[in-house]
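Listed next as structure tokens is one chain, alone, in the form predicted on its own.
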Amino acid sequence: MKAAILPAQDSPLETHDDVELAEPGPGEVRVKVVASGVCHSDLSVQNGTIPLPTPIVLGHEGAGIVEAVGEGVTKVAVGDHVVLSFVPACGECYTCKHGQPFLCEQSNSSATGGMLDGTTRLSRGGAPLFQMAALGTYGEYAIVPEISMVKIPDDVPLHVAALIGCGVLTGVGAALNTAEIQEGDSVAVIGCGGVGLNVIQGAKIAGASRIIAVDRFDSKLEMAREFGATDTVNAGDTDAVIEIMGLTEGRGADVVFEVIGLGPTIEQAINATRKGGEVVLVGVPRMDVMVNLNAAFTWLYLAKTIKGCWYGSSNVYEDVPKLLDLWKQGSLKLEELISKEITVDEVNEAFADMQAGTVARSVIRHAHAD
């Protein structure tokens, strides 16, 4: 099959058409990947922010059609349309049974770049290839754990459904699941890329009355208004914290989301939150990012709450159908997130567009999609 491969950290991706695919093992499924979003986390693997072994087939935001099932598979059948989840949800481990399937203990295996048993299903020239998040949606096909997919109705376009697999579920989930936004609240979103735009959508759905979008790119701020921001702040031109304070009668926002993953912007988010307010950390930082906080004036006297948000604090089996319902009702924009449809050969250009802030999402339509 054809796939885009990251040969080594800080290298361009290479597209090859001689990637070999093993048969699905027990509890595994072969999926014909129809579409894949190009997400910032893919770029984070390339630049080492997310450390994974190479060579690796990137891509973790996708949708496709089940082509074959391994022994013991019961959740899906051949022909089913599915959204792929980069976090498996087994339903049996401690965190799954305690209402936190987004922290499923099976997801620890993802760090190996293999399947849940740590072994690989892809190879090229006899050498193993790793898969990002046990998915690798930059390939035309993928061997995927049964617990890493959600069946969806056949009438949902797969290039639209693909976006739910990461960016939409992470961003909207951050606002609807992780945060405690009340009707009429003020919200600030620092970082308005693909995930940040979905945080904005989620905040609007949750009933926030003022949604302040913060970024350094005017192009992203324009998109933020399209997705529900009421105010925009270009952080390259002004002090974002002062601007947020000015827009919230000097108090700070009720809820502030940081969707970049940098130490300085995390500190901005904390400082821009009102006393008694809530900070939600969504952006993925490098492993060496540390934050120094004044304990008295962060937690004690000002009673601020800081929450980490992984995968939108979601239960994929419940939240994917909910998001599709919101989309069908017209409350959630999905098609509008797609700035470009590309082939897998154009993925390096898509990375450049993402870094330049000119796209909400580029979506790979694999050649066999039609």
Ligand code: PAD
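Throughout, we count residues from 1 along the sequence that is shown. Keep in mind the model is a prediction, meaning the values are calculated, not measured.
The protein also exists as the form predicted in complex with the ligand; that form is not presented, and the subsequent description refers to it.
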Check your understanding: Ok, Leu334, Val66, Cys309, Ile56: which has a heavy atom sitting within 4.5 Å of the ligand in the predicted bound form?
Key -> Cys309
Check your understanding: Ok, Thr298, Gln100, Thr265, Ser109: which has a heavy atom sitting within 4.5 Å of the ligand in the predicted bound form?
Key -> Thr265
Check your understanding: With the cut-off set at 4.5 Å between non-hydrogen atoms, does Gly113 touch the ligand in the predicted bound form?
Key -> no
Check your understanding: Are any of the heavy atoms in Met354 no more than 4.5 Å from a heavy atom of the ligand in the predicted bound form?
Key -> yes
Practice item. Report whether the minimum heavy atom distance between Gly277 and the ligand in the predicted bound form is within 4.5 Å. Key: no
Point to revise | Close approach of Phe86 to the ligand in the predicted bound form, 4.5 Å, heavy atom | key: yes
Practice item. Quick one: find which of 281-289, 203-211, 144-152, 177-185 has residues within 4.5 Å of the ligand in the predicted bound form by heavy atom distance. Key: 281-289
Check your understanding: Of 37-60, which residues get within 4.5 Å of the ligand in the predicted bound form if you count heavy atoms?
Key -> Cys39, His40, Ser41, Ser44
